[in-house]
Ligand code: P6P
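So this first bit is one chain, no partners, the form predicted alone, shown in structure tokens.
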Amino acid sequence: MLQRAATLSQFILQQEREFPHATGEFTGVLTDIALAAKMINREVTRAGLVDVLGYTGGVNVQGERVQKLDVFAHETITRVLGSTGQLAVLASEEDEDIVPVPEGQPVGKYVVNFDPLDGSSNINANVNIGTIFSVLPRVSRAGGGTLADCLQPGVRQLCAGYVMYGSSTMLVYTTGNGVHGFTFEPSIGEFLLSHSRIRTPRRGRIYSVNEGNYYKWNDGVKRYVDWVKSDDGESGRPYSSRYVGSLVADFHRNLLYGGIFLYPADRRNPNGKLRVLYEAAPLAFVAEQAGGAASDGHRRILEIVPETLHQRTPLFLGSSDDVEACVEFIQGRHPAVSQERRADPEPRPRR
């Protein structure tokens, strides 16, 4: 068993030895993701000194203004991963269509969906940002990868994780056998094992949501947020409100300390705002492997079968008991909802 301070490469190779028939191709995908993360980290840490801050003047497929670092991260990941021979196809939050392997390059048996730079609206304020990735098996039989290779439910993920760029840079991932975190040591240029087998508390005391949208939410979400803010020492309420506005940063904190991240549907975004492939499914895999949960309010995130590359979803993510309570409020099943109805019965209709 490797101890703390093992490098990411050492750790991956150690896990590979547990599978006698492994070819090393999957190990190569993870190693390439780590390489791309190092290259992005280099630009992030000196962003204020070189011309990578600010907007490009363009708008991406999501209708969001594109940052220069968005473009750099997207191009870095597609360049590093697309030329190794391990992948059949890629899909990026920044690209309207699938990203094929460059012509003339060998086509592999894996698929990577990724958000190159989550939280990019915070870049110019020097707030934590991140990269989210998901690795899936190819389902098409021959030739280049296809759209169907990318449109797979989260339960088929072989690996998922994120890189968080901040005061320290961390890579956190799971292959379905626990969640492990690696901190980047710039003096040697390596990710070192710092958080082995991360487990998130079953219940936390933090809720993370943009309450500026409160009056756009449905009643179930409103009731849940009101409930976590109400005073009840026995259940550990009120919860503390912590919201960075970078999904990776909010999720990472709650993963370690416990709590729930909410991005509900609202009147403006009736299908939610976060993407199934690039944000919800990868982080749901990590959350579940750490003992947490992820739901859209009615079904498990990992069971959603996406129909389009940029399909959106509501997301309730974090400690299992907190997510369960939130879902109960949304579905009107929580005991507090019944108590509220008894205390304030609907007025009888006039005759």
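Numbers follow the displayed sequence, beginning with 1. Owing to the predicted nature of the structure, the values given are computational and were not obtained by experimental measurement.
Beyond what is shown, the protein has a form predicted in complex with this ligand; the following relates to that form.
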Report summary line: Checked Gly220, Gly119, Gly204, Gly145 for heavy atoms within 4.5 Å of this ligand in the predicted complex; positive is Gly119
Report summary line: Contact with this ligand in the predicted complex, heavy atom within 4.5 Å, among Thr169, Gln157, Asn254, Ser246 goes to Ser246
Query raised in the report: Can you say which of 148-156, 233-241, 257-265, 172-180 gets within 4.5 Å of this ligand in the predicted complex, counting heavy atoms only?
Result: 257-265
Query raised in the report: His74: heavy atom within 4.5 Å of this ligand in the predicted complex?
Result: no
Query raised in the report: Any chance Lys216 has a heavy atom within 4.5 Å of this ligand in the predicted complex?
Result: no
Requested in this report: Indicate whether this ligand has at least one heavy atom within 4.5 Å of a heavy atom of Asn126 in the predicted complex.
Outcome: no
Query raised in the report: Does Asn271 make contact with this ligand in the predicted complex, using a 4.5 Å heavy atom cut-off?
Result: no
